[in-house]
Every structure is written in structure tokens, then in C-alpha cells.
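Quick setup: one chain, the form predicted on its own, written in C-alpha cells, and binding and motion questions come after.
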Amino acid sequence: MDLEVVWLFVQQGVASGLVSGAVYALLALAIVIVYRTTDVANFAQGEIYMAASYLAFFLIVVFAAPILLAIPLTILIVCGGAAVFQRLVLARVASVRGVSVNLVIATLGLSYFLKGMVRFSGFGDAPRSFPSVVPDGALTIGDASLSYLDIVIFVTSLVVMALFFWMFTFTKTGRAMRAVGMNRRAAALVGISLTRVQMQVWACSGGISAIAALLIAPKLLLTVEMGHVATLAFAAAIVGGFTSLPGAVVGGFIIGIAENLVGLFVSSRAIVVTPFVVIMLVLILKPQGLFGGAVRVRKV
């Protein structure tokens, strides 16, 4: 392989990796924000993403809704559904002592419920194509080629992340979320409603997952098992540091670029093990993740 081909592969791998990494980063953000404010690792994140894709598809096919109406409607429904799940299920589970494992099991229950609902609808029986509003065509950047849809995915993801960090930093709601993430008891003492903030966090997490799903759905075939992409989002969160929101974004891009470079230089079969190799390397060199804080040791 001569240097010209190597340089071409590097450019294409980085460009494609930024696109897929943007989606991983969105899902990792959704996972980390829930974990920071509720101490719950949401194992239903992938299924929320999957269900959002099918919900939009259902609205378009069954109700013949215009795609530009189906998209915001899907985001609103998923936001509401996630908030209702937090209020009706997780809040009740959390009211019982010794609930850490129970909360995780509740999210696993949600993942099976969503899969079951999609299969029950009949839409999950066969892979389906999601319509796209982006015209066909490609743009060449350097020597790399990206479709118009790739450009839309990348730019929209960056806009969503920027809006999220603005909300998290400068709005009253975002500051309340940060306060709950730092110290729940102190936040309650200064008058912040933990119930309201945790519902808002789950709604925000659901909305981000729905946006990620709607962005990537036209590139994939819809299947009930498409939620496995959340594994890569967890990998991104671990690489970046599980409590760091910027780390989740950086981790997503690292995983996306690493996957694409390995696929071009090594083999497409090696792609599946790439995230776990990256995780092991990061954990060996920096156990708390690239942006994680110092490791705290609790003595019993």
C-alpha cells in the first residue's frame, strides 16, 4: 500500500468516523446525563433509540403524516414517554431501600417492553427502509467523499450538542440539572425539586436519543435489534469518562474514527472488536476515562 492510498484511507476514515461518531456521541450524552443525575445506567437507551425510529416510521406509513411533521412529533412523544417512565417506574423503585440493582433491572425491563411492542405492532418482523428528505449526492472534502445525508447528520448532531451544552450551562433548568448531578441533597436543600429535574433529565435523554435515531435511520435498515448501537455509546462514555459530558462527545468521535480506520486498514470483520480494544487501552492508561475525575476509593 503506497503513501497516497494510505493518506486517502486516513481522510476517508476520519471523515466517515466523524459522522458515525457524532451519533455515538449523542447517545453517549443521553446515557451520561441520566447517570450523572440519577446514578442509573440506562440499559434501555438503545431500545429507546430503536423505538423512536419505528414510531416515526409508523406515523409516516400508517397515518400518512408528512415526514417533517412526523419528526418533531416523534421527538415530543419519546421525550414524554421517557419522563413518564421515570415518574411512574423509576421514582417508585427508588423509593425502596437498596435499589441500585433494581433501577438497572427496571431499565432492562423497559428495553424488553419496547422490543415487545415493536414486534407486537408487526412492523418489526422484517427489515424496513426509512425515507429520507435529503437528496442523493455526495460532497468531496479533500480526498474523502461524504453523502449529503452524512453532512446533514454531522452538522445537525453538532447543533444539537451545542444547544444541549448551552442549555446545561446557561439556563435555569440546566443549572438545576448540574446541581442535582453534583450533590442531590444540597440541591434539594436550596429548593430544587428532584422529582421535576429527574423527569426533565429523562425527557432530555429521550429527546436526544430520538434525534440520533431519526438522523441515522435513513442510512440503516430498521430492525428490532438496531438498539445494539447503544453498546458503542456506552463504549464512548467509558472512554471519555462516565461522568463527563464533554468526555462523552470526545469518546463518541474516538470510537467512530477508530472503527472506520480499522475497517479500511485492517478488515471490516475487525470493526466489532475495535471499541473494546479502545476501552481496554484507555482503562489501562487512564482508568477513570480521558475526562473522568480522580478515582474515589470508599472505605467500608
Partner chain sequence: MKRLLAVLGVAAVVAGAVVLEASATGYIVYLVNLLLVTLVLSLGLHVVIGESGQFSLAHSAFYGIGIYATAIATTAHWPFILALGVGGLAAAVCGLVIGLLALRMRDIYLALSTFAFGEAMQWVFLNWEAVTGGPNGYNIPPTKLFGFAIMSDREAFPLVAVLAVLFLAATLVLHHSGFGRALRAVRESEIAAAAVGVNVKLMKLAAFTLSALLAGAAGGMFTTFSTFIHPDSLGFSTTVLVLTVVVVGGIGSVWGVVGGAVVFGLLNELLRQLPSYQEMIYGAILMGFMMFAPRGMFAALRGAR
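Between two forms, the rigid core is defined as the largest C-alpha subset superposing within 1.5 Å. Just so it is clear, the structure is predicted and the values come from calculations on it, not from any experiment. Residue numbers count along the first chain shown, from 1.
Not pictured, yet referred to below: the form predicted in complex with its partner chain.
Visitor: Suppose contact means a heavy atom within 4.5 Å; in the predicted bound form, does that hold for all of Ala41, Leu110 and Leu285 with its partner chain?
Guide: All of them do, each having a heavy atom within 4.5 Å of the partner.
Visitor: Of the listed stretches (245-253, 53-61, 66-74, 228-236), which one has a non-hydrogen atom within 4.5 Å of its partner chain in the predicted bound form?
Guide: Stretch 228-236 is the one.
Visitor: Given that its partner chain is left out here, which of Leu194, Ala144, Val93, Leu149 has a heavy atom within 4.5 Å of it in the predicted bound form?
Guide: When its partner chain is considered in the predicted bound form, the option within 4.5 Å is Val93.
Visitor: In the predicted bound form, which of the listed residues (Met117, Met161, Ala188, Leu222) lies with a heavy atom within 4.5 Å of its partner chain?
Guide: Result of the distance check: Met117.
Visitor: Is Ala138 a contact residue for its partner chain in the predicted bound form, using a 4.5 Å heavy atom cut-off?
Guide: Although its partner chain is absent here, Ala138 would stay clear of it in the predicted bound form, with no heavy atoms inside 4.5 Å.
Visitor: Test of understanding: in the predicted bound form, would Ile211 fall inside 4.5 Å of its partner chain by heavy atoms?
Guide: No, Ile211 sits far enough from its partner chain in the predicted bound form that none of its heavy atoms falls within 4.5 Å.
Visitor: Is Leu290 close enough to touch its partner chain in the predicted bound form, meaning at least one heavy atom pair within 4.5 Å?
Guide: Looking in the predicted bound form, residue contacts with its partner chain do not include Leu290, since no heavy atom lies within 4.5 Å.
Visitor: Considering non-hydrogen atoms and a 4.5 Å limit, does its partner chain approach Thr169 in the predicted bound form?
Guide: The answer is no: Thr169 has no heavy atom within 4.5 Å of its partner chain.
Visitor: Out of 77-93, which residues reach within 4.5 Å of its partner chain in the predicted bound form, heavy atoms considered?
Guide: Result: Phe85, Leu88, Val89, Arg92, Val93.
Visitor: My question is whether Leu18 is one of the residues whose C-alpha shifts by 2 Å or more between this form and the one not shown, given a fit on the rigid core.
Guide: The answer is no, as the C-alpha of Leu18 shifts between this form and the one not shown by less than 2 Å after core alignment.
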